[in-house]
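Before any questions on binding or motion, here is one chain by itself as structure tokens, the form predicted on its own.
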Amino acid sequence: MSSPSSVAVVAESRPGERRVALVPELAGRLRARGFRVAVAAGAGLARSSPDLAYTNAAVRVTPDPVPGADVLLSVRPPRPDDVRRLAPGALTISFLPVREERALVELLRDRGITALSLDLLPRTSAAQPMDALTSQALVTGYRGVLVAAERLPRFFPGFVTAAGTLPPARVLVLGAGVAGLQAIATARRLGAEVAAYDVRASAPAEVGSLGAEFLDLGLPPLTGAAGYARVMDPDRAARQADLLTPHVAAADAVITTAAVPGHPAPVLVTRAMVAAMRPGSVVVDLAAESGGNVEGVRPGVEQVVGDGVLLWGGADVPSQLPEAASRLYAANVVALLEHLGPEGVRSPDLTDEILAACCVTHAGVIRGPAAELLA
């Protein structure tokens, strides 16, 4: 009888990254499927999961869990040094944007590692429990509204007081995917007046279901594969910017979340549009790391532009709420490992539509969508 597959959870090394790939409360699900789990000492501290919590969950805590592991779990792409210390045939699960990580993908291929990228998971009902992009977008949208509310020099809700009436803040959300819809819902819960815009045909109904106003600009929808937005041509982008300009100028807070998979984030808000906003207004760009929806944004930078508009560029936004983000991410990873099963670690069924889509390397070959992205 073969020994149980071993799972190694590493401590994230990227500066500022506070998430962890497995939380103690979910370790039992892996043990129930026959996995042995080891975690790097201190890996969960930023998420408020001390080593003792893992020990109490029957997880082995060790300074270095990588040698001898069959599975390597991380949030960010695995470190090259860790990849080199894995045995051929081992498996990694992480976010792995293949275009940005070409050298790492080639190393994984050359080392004979099976690498699964959560960036490439298909948007199907069967894959929903493993959909880490969606779970982390949920955190991002919520966090973006908190950032805006904290920095806006006025209340989100309206008040009627003996000293006078304070109207609610006007919030404009651009992009109504998972992050955008969560931003809309959160801003509404905080009492703001919310309007939103998205190019997809499904957006008006989804925005309306949350009690927000959908901005109908009179432009045809642009829905791409798997329900994502499509890239728009320059003429459409210019026309859209003209139509959005008065709505941006009237907003107290603008939160942008628009993304097109495999492409830089579309620029929706120009410098001129920001300059037309009132002093004290806030713009939160949650797409800053992929190029930004707002012209001039820089990820991780908070800057005052124009006549006093605050521009906040998001960077590793889910990591700013590490407890919730880690819990959701870990649930996605555990679901994927349960889908594989211990027997699938060394011999994944690559006819399975989920595994075929998210498998980047296997048996010395770059595969499927990853190969197309790197072609």
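The first residue of the sequence shown is number 1, and the count goes up from there. These numbers were taken from a predicted model, which means no experiment stands behind them. By rigid core we mean the largest C-alpha set that fits within 1.5 Å across both forms.
The next section is about a form of this same protein that is not shown, the form predicted together with a further copy of the same chain.
- Between 212-220, 74-82, 95-103, 278-286, the stretch whose residues reach within 4.5 angstroms of a further copy of the same chain in the predicted complex through a non-hydrogen atom is 278-286.
- The partner is absent here, but in the predicted complex a heavy atom of Arg151, alone among Arg111, His247, Arg298, Arg151, sits within 4.5 Å of a further copy of the same chain.
- Contact here is defined as any heavy atom lying within 4.5 Å of a further copy of the same chain in the predicted complex, and by that definition not a single one of Ser13, Gly34 and Thr361 is a contact residue.
- Although the partner is absent from this view, Gln128 contacts a further copy of the same chain in the predicted complex, with a non-hydrogen atom inside 4.5 angstroms.
- In the predicted complex, at least one heavy atom of Thr186 sits within 4.5 Å of a heavy atom of a further copy of the same chain.
- Phe156 belongs to the set of residues with a heavy atom inside 4.5 Å of a further copy of the same chain in the predicted complex.
- Of the heavy atoms in Arg346, none are within 4.5 Å of a further copy of the same chain in the predicted complex.
- Residues Pro129, Leu138, Val139, Tyr142, Arg143, Leu146, Val147, Ala149, Glu150, Arg151, Leu152 of 129-152 are found to place at least one heavy atom within 4.5 Å of a further copy of the same chain in the predicted complex.
- Core-superposed comparison between the shown form and the other one: the CA of Gly164 exceeds or equals a 2 Å shift.
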